[in-house]
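Let's start with one chain on its own, the form predicted on its own, as structure tokens.
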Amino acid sequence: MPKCTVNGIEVEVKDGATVIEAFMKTNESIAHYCWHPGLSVAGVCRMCMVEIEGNPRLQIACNTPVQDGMVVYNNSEKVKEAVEWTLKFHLINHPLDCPICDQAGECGLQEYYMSHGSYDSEMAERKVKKHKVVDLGEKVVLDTERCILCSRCVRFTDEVTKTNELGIFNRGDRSEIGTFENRPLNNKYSLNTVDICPVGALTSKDFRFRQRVWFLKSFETICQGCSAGCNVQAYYNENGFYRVKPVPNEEVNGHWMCDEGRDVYKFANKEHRLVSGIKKEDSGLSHMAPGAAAVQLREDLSDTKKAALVLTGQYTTEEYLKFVDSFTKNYGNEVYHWINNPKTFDDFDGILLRGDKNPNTVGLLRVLEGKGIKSSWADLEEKLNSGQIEHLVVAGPENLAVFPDLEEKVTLFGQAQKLTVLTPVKSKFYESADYQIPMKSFMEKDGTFVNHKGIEQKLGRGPIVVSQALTLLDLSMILDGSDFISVNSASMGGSL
């Protein structure tokens, strides 16, 4: 593998690597707009200029292969002047609308202007005006006048999704990004174009004007939308969660995530959450603390001769291990796996989207196999239909959108003499249950998800949304006889 020196730092790179990849490996700063590690090289922004010893002319780092022994600089006055002039050309027609731009605070133009610009404009001509608030599709809006024609979005639809909705139209300073006729940007990965846009040209309709980025905190976690296990960054403040964006992981999701996964933050917010334990009594519904409801559930289960447990693949491996152990030890081996979409369970779109819409099916199946549990869904249906199950406990999903059979299944579960639903979210279908016990969302707890490949990944723990919500670990303590539960402490992730 060739070695080169970047700003005085020696670095070894793989064969065929470019100079900009060497810069990235050393964490040396280098200006760039059009280059992206997940896309082909375009070389159109001309910002990544470098000086190479022995070469009289400056070169672009994104399209220059590393040669063994190469010595490269981008901190010389010659390079700085070239980058400054290139930036001036990018800003010739760019509007001065930073105060209202959604990209403010995380914009490449702002960052490079502060590091390479800070100059007085020499342009006397009027800026070329282009279209604003162009509706590209269901999820993405384009402000054409902010676009610097880096072509990242075009290359994404050509090379990643291969749906080819976007192109560059017209010529010269009238060139602009747009969609082809009758082909809106509605593919299932369209919001990645917003992520990779280095300026505020492409914005998400869901996030647009909702929050300033400098008011948001973030943490890394795992997407809960399907068994792909995409690595994501979740953004929040004291009012709730606002968005998730992909975190690069070459082994799992590359640089991308699907549009469906972008909505996983929503059901973690308080307006969708079950916040108190609910017990159905003759006089109506009784509301209580989740821990108190769990203690009453234990007392109810202690008088039950035939109890059963239904699990969805939306909890952590650690929760399954402890809860299945506690349940089987106290109430028998009637444990069942709820597969919400058996007909499309093995589907794959060739990019990321999996038919299994649960983040930890593999983890659940490993636990059940380790416990020697081989119960079939047909057995559960037969026992429910014949009245053999007195009390059914269901660890229900938090992502209700991917459980289209929810109403049908809750009707089936209702054939048990008593029904308990463990759930982070509210649902009208759960109102007939004898117990509803609030659970933490995946945003609020530690643990492990195992994706479809068998890769174990740790969840990041964010702020606490529902202060007394439980985990299956907490419930297992109660089933084992404890009346004391340490739920959420201020030192573990804080609270909204």
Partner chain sequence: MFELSPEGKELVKKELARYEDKYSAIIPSLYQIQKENEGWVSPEAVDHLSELTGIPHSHINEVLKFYTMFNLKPTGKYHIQVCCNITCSMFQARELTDDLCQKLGIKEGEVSEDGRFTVSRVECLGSCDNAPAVQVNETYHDNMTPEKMDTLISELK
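Residue numbers count along the first chain shown, from 1. If you're wondering where the values come from, they're calculated on a predicted model, not measured in any experiment.
What comes next is about the form predicted in complex with its partner chain, which is not displayed.
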> Within a 4.5 Å heavy atom cut-off, is E271 in contact with its partner chain in the predicted complex?
Replying inline: no
>> Although the partner isn't part of this model, could you tell me whether N186 comes within 4.5 Å of its partner chain in the predicted complex, counting any heavy atom of the residue?
In response: no
> Does at least one non-hydrogen atom of A401 fall within 4.5 angstroms of its partner chain in the predicted complex?
Replying inline: no
> So, in the predicted complex, is L166 in contact with its partner chain at a 4.5 angstroms heavy atom limit?
Replying inline: yes
> Quick one: of D303, E181, E250, E281, which gets a non-hydrogen atom within 4.5 angstroms of its partner chain in the predicted complex?
Replying inline: E181
> If you check N170, N333, Q388, S115 against its partner chain in the predicted complex, which one has a heavy atom within 4.5 Å?
Replying inline: N170
>> Which is the contacting stretch out of 272-280, 352-360, 325-333, 157-165, given heavy atoms within 4.5 Å of its partner chain in the predicted complex?
In response: 157-165
